[in-house]
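This document contains two forms of one protein chain, each encoded as structure tokens and listed individually as structure 1 and structure 2.
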Structure 1
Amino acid sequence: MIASRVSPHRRLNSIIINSFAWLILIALALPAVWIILTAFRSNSEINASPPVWIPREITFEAFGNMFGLNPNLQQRVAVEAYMFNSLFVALSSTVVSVAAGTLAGYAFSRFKFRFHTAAFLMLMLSRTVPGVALSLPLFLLFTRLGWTNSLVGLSFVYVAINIPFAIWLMDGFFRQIPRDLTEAAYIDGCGYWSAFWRVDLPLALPGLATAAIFAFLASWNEFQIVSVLARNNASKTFPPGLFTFTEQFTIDWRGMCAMSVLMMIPAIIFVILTQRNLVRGLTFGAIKG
């Protein structure tokens, strides 16, 4: 048996592509790495010239100041409220939007009904409206309803924003599942709900995980709408809270970086825990059996 050999030309192309990919990855990760390192620096290294890349001394003073562990600190940001609000809004809106989007995506992919295509297109077109255009109408509506500074009201807004994307993604996933499997479940005595729960949904879990990741991060990182609807510290999430921090402590770069690190933690945890499902979800239509 003759062992297969990789041609020098193909090997050179692989080296060039990998090197280029690593350069892009390093360039994209460099700002985040710099923020993380700055959060653990001492004050003497913040504005040092030339800049100090690797901290000579690791300190958690910025995090202690942020959580009020320094008795000499006169003023600090309400980071606990920001964290709770962000988690509540992001998690609740993710659960509701993914659940509703999954059911609606299954209905669009498996059943034909009146105005099927028109309803789907209208849902997709609603996602094209930018957040800036929604801010003023939502503010007027929330003011009339008395929902300003309401976490539940803010969660409803993000549910409405994330549902079209979840429907589109789950509709594509369910279309990749052969109808023969669903029809076989009907023949075996399953109803619509049983076939969905026992056959289709387990096969579409990568899509559900992908939709959940995007919905969570979209709610977690959104700034424009929450900055209009949340007017006090008790209802603000991390993005407007960080902006408030920059207004109050314009020279505390280390504190801003420490708060940014707290914002990164959920995204990092989500990517680590769901990396396999995320890759499968993003490439669901690339290979067909």
Structure 2
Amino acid sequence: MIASRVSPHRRLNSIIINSFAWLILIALALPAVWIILTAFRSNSEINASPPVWIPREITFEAFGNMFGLNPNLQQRVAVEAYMFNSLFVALSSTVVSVAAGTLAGYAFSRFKFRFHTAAFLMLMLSRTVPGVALSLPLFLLFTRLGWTNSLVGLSFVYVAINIPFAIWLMDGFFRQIPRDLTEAAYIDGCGYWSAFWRVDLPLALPGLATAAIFAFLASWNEFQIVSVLARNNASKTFPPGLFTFTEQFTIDWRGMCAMSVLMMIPAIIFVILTQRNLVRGLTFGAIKG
């Protein structure tokens, strides 16, 4: 629609911007590329000095070993369990924390109530304590409640960890939405609830997507808490699973990287699906028309 108005100057500009963006992203991706390549290298290349930058041969051995396809290795990594547990915990905690966070964020952004600021600050307090300090008291509590080894219990913790983030973000995004829009909806006969559903929530979709991505990845990568609460292999997620590849003295770099590659796949799919909602505020123009 505006293509006809684009000047040659603008086109050049956009090529420069696009290539510059690619350049930066590729530079940022280099360490990741190295990690991914390590998963496919032959053993002799991994510790070679000077390092071999571009692999001379590609092997899937590490993946075969992980799935127990190598008859010479007795041990077997519980990848399926890690995958299932990670997905269950990350997805469920994302859905719950984003839902609860959206509700609370809406309340903070739209309504004045007693202890507004105090409540908001309490949320911050809960984000100041790292897993290493939370894990032991939580472990005590969960042992009493019988929640150790439980995926639901773990998910519960992750929900709590992700909620403050979700609330802040949603509060910020709801505040971006012009009040007149919501008020217009009231005039059109919408109640609070349907104004929220029909007007505010769709407009805050980029915020929702952002919150969901970070909640998902935070749960996906969390290590300290799950390593204390999950007491057997069957209830672990990927990050403690990575420690399968550390021995007393050595680290199996290739195995660890291979598992990380496997671990990336669901995360990439989730991000690809979710980031679609990061769209320019199409709606702001819409109301004017």
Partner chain sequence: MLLPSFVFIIIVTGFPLLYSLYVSFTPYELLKPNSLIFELPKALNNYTRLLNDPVFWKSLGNTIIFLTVTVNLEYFLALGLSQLLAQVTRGQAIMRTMLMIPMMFAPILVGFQFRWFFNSNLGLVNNALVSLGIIGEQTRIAWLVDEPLGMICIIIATIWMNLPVMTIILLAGTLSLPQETYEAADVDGASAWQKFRFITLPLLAPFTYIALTIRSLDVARAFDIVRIMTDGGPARRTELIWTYAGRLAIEDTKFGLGSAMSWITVIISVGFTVYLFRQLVKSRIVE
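Numbering runs along the sequence of structure 1, starting at 1. If you're wondering where the values come from, they're calculated on a predicted model, not measured in any experiment. Note that the rigid core is defined as the largest set of C-alphas that superpose within 1.5 Å between two forms.
- Annotation: structure 2 represents the form predicted together with its partner chain, while structure 1 represents the other form.
- For T59, the Cα coordinates differ by 2 angstroms or more between structures 1 and 2 after the core has been superposed.
- Put the two forms on the same core and the Cα of E45 is off by 2 Å or more between structures 1 and 2.
- Here the rigid core is superposed, and W22 then shows its C-alpha moved by 7.2 angstrom between structures 1 and 2.
- For N13, the CA shift between structures 1 and 2 after superposing the rigid core equals 13.6 Å.
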